[in-house]
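First, one chain by itself in structure tokens, the form predicted on its own.
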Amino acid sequence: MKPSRQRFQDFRRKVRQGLLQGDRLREPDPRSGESAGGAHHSVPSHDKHVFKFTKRRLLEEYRLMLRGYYGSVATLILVVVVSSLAALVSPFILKLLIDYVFHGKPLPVVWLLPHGGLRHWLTVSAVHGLAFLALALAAAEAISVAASWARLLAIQRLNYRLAATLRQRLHAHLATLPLGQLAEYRTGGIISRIMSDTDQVVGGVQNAIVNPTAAAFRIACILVILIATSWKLFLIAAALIPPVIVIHLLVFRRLRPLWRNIQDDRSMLSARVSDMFAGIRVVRGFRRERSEGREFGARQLTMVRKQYYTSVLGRLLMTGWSIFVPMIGIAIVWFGGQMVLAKKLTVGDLVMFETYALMLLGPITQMIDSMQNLQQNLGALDRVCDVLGQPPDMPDRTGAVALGPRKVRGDIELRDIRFGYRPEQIVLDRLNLRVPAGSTLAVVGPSGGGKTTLVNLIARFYDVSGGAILLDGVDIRDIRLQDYRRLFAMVLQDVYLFDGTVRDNIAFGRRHATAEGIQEAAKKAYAHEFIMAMEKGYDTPIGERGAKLSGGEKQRIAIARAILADPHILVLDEATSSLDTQSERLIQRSLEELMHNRTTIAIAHRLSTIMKAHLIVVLVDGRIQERGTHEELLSRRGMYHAMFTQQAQRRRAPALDLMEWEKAVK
């Protein structure tokens, strides 16, 4: 296991070599002359830090996200403008105080007021002018505080709503992606994109729109005031700004690919944690708790080092301002002081100019921070857009047929189908098969022969590479996918139950199922008795993946779920594999009732469970070696006969008979 320091050094080396590409660190390519030792030959410039989406494309995505929220954004910007204007009042009041009140002069505002009343009161005494300025300053501060509070509430409300909308959109799109693509993302990566990345993305609304708008407005107002006060002094102060811009350009462009890489590290870390705790029994069984903890710690510490390294680069921008802004203040004092001595500028103007010049630091810093943080937001948005840009799994063809369940007979035909998960690796080759409506097809054969793949194709989890699968004479690719899958119910070997109650899991296959219907399905699956023996009956939580149930109990709940769904086509993949002999016999009777007059495809290793199938095929290496009924295949004395005989002899072992008899007695 590599320590985090070495991993971070590899990261730094690859960043220097320009090998940070897309969402991962590329390995050096010896064909291009890249070296692993740090020195390398020419690396094509177009191959450095390549992203799937341009910044323009990502910012356009923000515009699309805000569709429907324009009113909220406009209100938020209005609040920001009011807050910015209120913050600009203080230096001007300070000028009036120095140049007018302290010299006993009437305030300029006096000449704007009508004769008598307030105008007379302000001219009576300098103390009245001081009181007026104090009240004006208090009002400005009150408006500023209220506007800041309203801004905080408005941005939080907008962020929460945008995050919820984006999560819903991501969740819906991920549910349509191909199974292979979802496997590539992994569970932890999917969770990271839906939960963590969306929070990062919506923060970009503030960093891309709100903060820059507020900062730009304040900067514009201050610049107008500075130029109006003394354009010569402004030019002197502005001469020190270009060095900061140079620092900004040199550092800023490096941040986005680094933050994107950190986001992917976070996703992989989430996936690692999810994978470990999903297989915690295996981890404990092989005593790998400490090694998994060390690996998690190394990955996490590597991510922390990357975060710190990237933060240091970001702080270089702030350092530029920290150095040059005080120099601007010194220049203002020196040259402005000379102008005051030459009677070209008042003391109040110089103080106001200095104050406003220093106030530039706030919005400029805010803008730089926003742009820096926006790199993190864009890195997260790049990952989100990557998901949203993936094409959905088998979209409906133009003119796809809408299928009503009542019109379906259930006749399935496979015509010369070919399929491989990868083009170079064919799993099924030229299969021809017909399953008449209401009949049962049993598929047997050695592991890796293509049995599960065949079922996946019939259920249209994947599309065939060649040939066609027909339902009642219609290519299933010409049928609306949701209508087609509505015909199915599946009982798989690896039973998956959701973290909820028994009732929720049985009713998963049928919306608005009644309590009576759920209980009836459980009785037919011989699950009612053990469910009622549980603490809360049908309302008992079963834990993640049904962790509180035995294998046989989970299998029976899965069968009850299929019974309640009342499908036209039933898929059984080792449906009784986790049951003991007594339970298997009970379930077999319920399955026979469920299979009656339904097209059924059953995968079985226990050949005794499929003896009554209308057609049995032996699938070996993607090809059908034998087909026929149970009696026909036995009479041929081929592969099926050998498999059945071997299992029958194994089942007659005295030790197994004794164990089964003891279970039956209990």
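Everything quoted here is computed from the prediction, not taken from an experiment. The first residue of the shown sequence is 1; numbering continues from there.
Separately, the form predicted together with a small molecule exists; it is not shown, and the next lines address it.
Interface residue among Ser590, Gln200, Ser230, Thr452, judged by heavy atoms within 4.5 Å of the small molecule in the predicted complex: Thr452.
Checking Thr165, Gln181, Ser125, Gln493 for any heavy atom within 4.5 Å of the small molecule in the predicted complex turns up a single hit: Gln493. Heavy atoms within 4.5 Å of the small molecule in the predicted complex map, among the stretches 497-505, 85-93, 355-363, 417-425, onto 417-425 alone. The closest non-hydrogen atom of Tyr462 lies within 4.5 Å of the small molecule in the predicted complex. Remark: Ser447 counts among the residues lining the small molecule in the predicted complex, judged by a heavy atom distance of 4.5 Å or less. For His630, no non-hydrogen atom is located within 4.5 Å of the small molecule in the predicted complex, even though that partner is not displayed. Among residues of the shown chain, His605 is one whose heavy atoms approach the small molecule to within 4.5 Å in the predicted complex.
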